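Below sits a lone chain in structure tokens, taken as the form predicted alone.
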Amino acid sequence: MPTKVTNSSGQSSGTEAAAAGALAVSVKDLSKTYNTRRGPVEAVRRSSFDVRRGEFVALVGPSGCGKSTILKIAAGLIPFNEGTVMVGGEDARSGRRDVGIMFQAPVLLPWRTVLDNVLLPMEIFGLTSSEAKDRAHELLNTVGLRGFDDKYPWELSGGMQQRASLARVLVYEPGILLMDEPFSALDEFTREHLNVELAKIHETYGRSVLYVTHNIQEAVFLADRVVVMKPHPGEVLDVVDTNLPRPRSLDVLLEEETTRLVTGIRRKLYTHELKRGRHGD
């Protein structure tokens, strides 16, 4: 794991140059307000955290706390009002090829086979070759889709479609993965097994990951650090180091330390809600 360069609040320390070299994603004092028909809606307020290179960071919090907004900003998909967001040492608004993005829906093209769907980014980037096809086959094996290369999306279950989507994101070897609740629509058993596969992929390929979820147990299982968001508007409530050993298997979910971490994060959120209720914040 890269050398730690953030303090206990998740904010950068040391010189900007040193931090930029060690960080995959850097969010500083980020604020975002949406303009709606009913007036401005503040989604994110003065939020700061980092994702170090090779690190898996999860953003967790209740619906409406700005998790997906932050991820879309990091992906360069939407603008923001204040602060800075750096991805791979460059302004997120500049866009990058070495960033893979995965959303809740697999968005596979129904007229293309699984293999052709996985190869789509390579075609877009003009990188088609026999080596690319070999890598696509390798990734399909890695995500548990051996033998499904010539199937079509409508022939796959929801979990299998997400496995294909994950292979498609990885095929062009992005250094940074931005994932927005990719397994939220799946049943609990399928989701847990895909979490194990994702953990293995992270451990094998060493990608930097920013992962959005509202599932605290999932966040603790997958991440090196969990950024806990409080709602309306979203702010960073705390950054929790999981310190769980790797590699991670389903057995980790049954360990006392996992339960302690999940309970601790839940208590932080509940305590904040109680205080907000008392003070009308």
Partner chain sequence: MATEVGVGMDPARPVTPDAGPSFRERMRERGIVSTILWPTVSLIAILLIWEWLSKTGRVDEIIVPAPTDIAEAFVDLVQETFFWEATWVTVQETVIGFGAGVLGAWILGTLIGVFRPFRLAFYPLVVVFQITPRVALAPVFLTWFGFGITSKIVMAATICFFPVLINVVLGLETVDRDARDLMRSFGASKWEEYRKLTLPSSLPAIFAGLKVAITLALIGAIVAEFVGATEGMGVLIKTFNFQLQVAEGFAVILALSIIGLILYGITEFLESKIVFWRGH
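Positions refer to the first chain, counted from 1. Since this is a predicted model, take the numbers as computed values, not measurements.
Another form exists, predicted in complex with the partner chain; not displayed. Remarks below refer to it.
Asker: Looking in the predicted complex, is the partner chain within 4.5 angstroms of a heavy atom from every one of 56, 212 and 240?
Answerer: No, none of the three is in contact.
Asker: With a cut-off of 4.5 Å between heavy atoms, is residue 152 one of the residues that contacts the partner chain in the predicted complex?
Answerer: Yes, residue 152 sits close enough to the partner chain in the predicted complex that at least one of its heavy atoms falls within 4.5 Å.
Asker: Can you tell me if residue 121 lies within 4.5 angstroms of the partner chain in the predicted complex, counting non-hydrogen atoms only?
Answerer: Judged by the heavy-atom cut-off of 4.5 Å, residue 121 is in contact with the partner chain in the predicted complex.
Asker: May I ask you to state whether residue 130 is within 4.5 Å of the partner chain in the predicted complex, using heavy atom distances?
Answerer: Contact check for residue 130: no, nothing within 4.5 Å of the partner chain in the predicted complex.
Asker: Taking any heavy atom pair closer than or equal to 4.5 Å as contact, tell me whether residue 103 reaches the partner chain in the predicted complex.
Answerer: Close contact exists here: in the predicted complex, residue 103 approaches the partner chain to within 4.5 Å, heavy atoms only.
Asker: Pick from 159, 83, 76, 175: which has a non-hydrogen atom within 4.5 Å of the partner chain in the predicted complex?
Answerer: Filtering the options by heavy-atom distance leaves 76.
Asker: Among 83-91, 204-212, 142-150, 104-112, which stretch has residues whose heavy atoms lie within 4.5 Å of the partner chain in the predicted complex?
Answerer: Going through the listed ranges, the match is 104-112.
Asker: Report the direction of the Cα distance change between residue 93 and residue 122 in the predicted complex, compared with the displayed form, as closer or farther; the change is 3 Å or more.
Answerer: Those two alpha carbons end up closer in the predicted complex.
Asker: Residue 84 to residue 95, Cα distance in the predicted complex relative to here: closer or farther, by 3 Å or more?
Answerer: Note: Cα gap between residue 84 and residue 95 widens in the predicted complex.
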